[in-house]
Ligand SMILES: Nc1ncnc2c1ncn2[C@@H]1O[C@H](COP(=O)(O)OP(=O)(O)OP(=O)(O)O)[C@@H](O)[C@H]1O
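Form predicted alone, single chain, as structure tokens, below.
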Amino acid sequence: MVADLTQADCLRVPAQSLEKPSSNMEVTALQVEQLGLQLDGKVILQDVSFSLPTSGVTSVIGPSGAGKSSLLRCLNGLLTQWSGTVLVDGADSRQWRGGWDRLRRHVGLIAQKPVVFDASIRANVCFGIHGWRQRRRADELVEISLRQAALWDEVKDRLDAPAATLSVGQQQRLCIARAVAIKPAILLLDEPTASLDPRSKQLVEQSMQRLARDIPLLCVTHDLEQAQRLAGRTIFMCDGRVIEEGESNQLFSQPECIETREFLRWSVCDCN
């Protein structure tokens, strides 16, 4: 039935209705319903709806200016002037106990450009952990977090060295370690490997797949091959809207909307 949808039909039909719901979507960690965002009078997001399962990687692809990065900032409360509903573990994010700061500990965000603090590698990992200097298990926390970020073996003998001495790829993995140290329930990543060399990119992807066994990851990427390698699910966005979503293998091999097919083939999209 959906194979005969026209371009206009694809824009009218919510992405969720274009596929059969899978069993792992029955319980969700994040539910987004009709999310909208306007900045300086410009529509950035409109009627965005999707859900995340309780584990696994969901990639967000689409042309520049599609609203992908803005979406992540709405989800963890860096942008708050949006409309619609965001449910995190079933609770309204606007009513989150402790406010937006508390929400951002629950929904972590890794930026495209790594930001390390003017402190040691150890202190960077433990940033945000109250009283970590007095914690008996501080060393264990550091090791576990760095192992999760695939960085432990490279820095275990220099934990008190300045974080700024690390390479860009190592700094990005340090940011991942810092994020997971506070045990977020959901992790958002905004083009986390865009500025990395191939080896560092591979290590970050391995770290993401390891983390995704236990928590859901939502990753914005312009690297279509990366989205396929990460598997899981993929959401295609254009012009501030979700055009199509589904299992990555299915979406890349048999996209249902003409906009998706055009973007996957030419990396361009005309959804206006």
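All residue numbers refer to positions in the sequence shown, first residue = 1. What you see is a predicted model, and the numbers here were worked out from it, not measured in a lab.
The same protein also exists as the form predicted in complex with the ligand; that form is not shown, yet it is the one meant from here on.
K.L.:
To verify the annotation, which of these, Gln226, Ser69, Gln46, Ser49, has a non-hydrogen atom within 4.5 Å of the ligand in the predicted complex?
P.N.:
By the 4.5 Å criterion, the partner-contacting residue is Ser69.
K.L.:
Which one, Asp89, Glu154, Glu191, Glu143, lies within 4.5 Å of the ligand in the predicted complex by heavy atoms?
P.N.:
Only one option qualifies, and that one is Glu191.
K.L.:
Tell me, yes or no, whether Ser83 is in contact with the ligand in the predicted complex, where a contact means a heavy atom of each within 4.5 Å.
P.N.:
No.
K.L.:
Report whether the minimum heavy atom distance between Gln112 and the ligand in the predicted complex is within 4.5 Å.
P.N.:
Close contact exists here: in the predicted complex, Gln112 approaches the ligand to within 4.5 Å, heavy atoms only.
K.L.:
Give a yes/no on whether Gly56 approaches the ligand to within 4.5 Å in the predicted complex, heavy atoms considered.
P.N.:
Output for Gly56 is no: heavy atoms all beyond 4.5 Å of the ligand.
K.L.:
Is Pro63 one of the residues lying within 4.5 Å of the ligand in the predicted complex, judged by heavy atom distances?
P.N.:
Output for Pro63 is yes: heavy atoms within 4.5 Å of the ligand.
K.L.:
If we take heavy atoms and a 4.5 Å cut-off, which stretch out of 204 to 212, 36 to 44, 228 to 236, 242 to 250 is in contact with the ligand in the predicted complex?
P.N.:
Among the listed stretches, the partner-contacting one is 36 to 44.
K.L.:
If we check the ligand in the predicted complex, which of the residues in 242 to 264 reach within 4.5 angstroms of it by a non-hydrogen atom?
P.N.:
Residues within 4.5 Å: none in this stretch.
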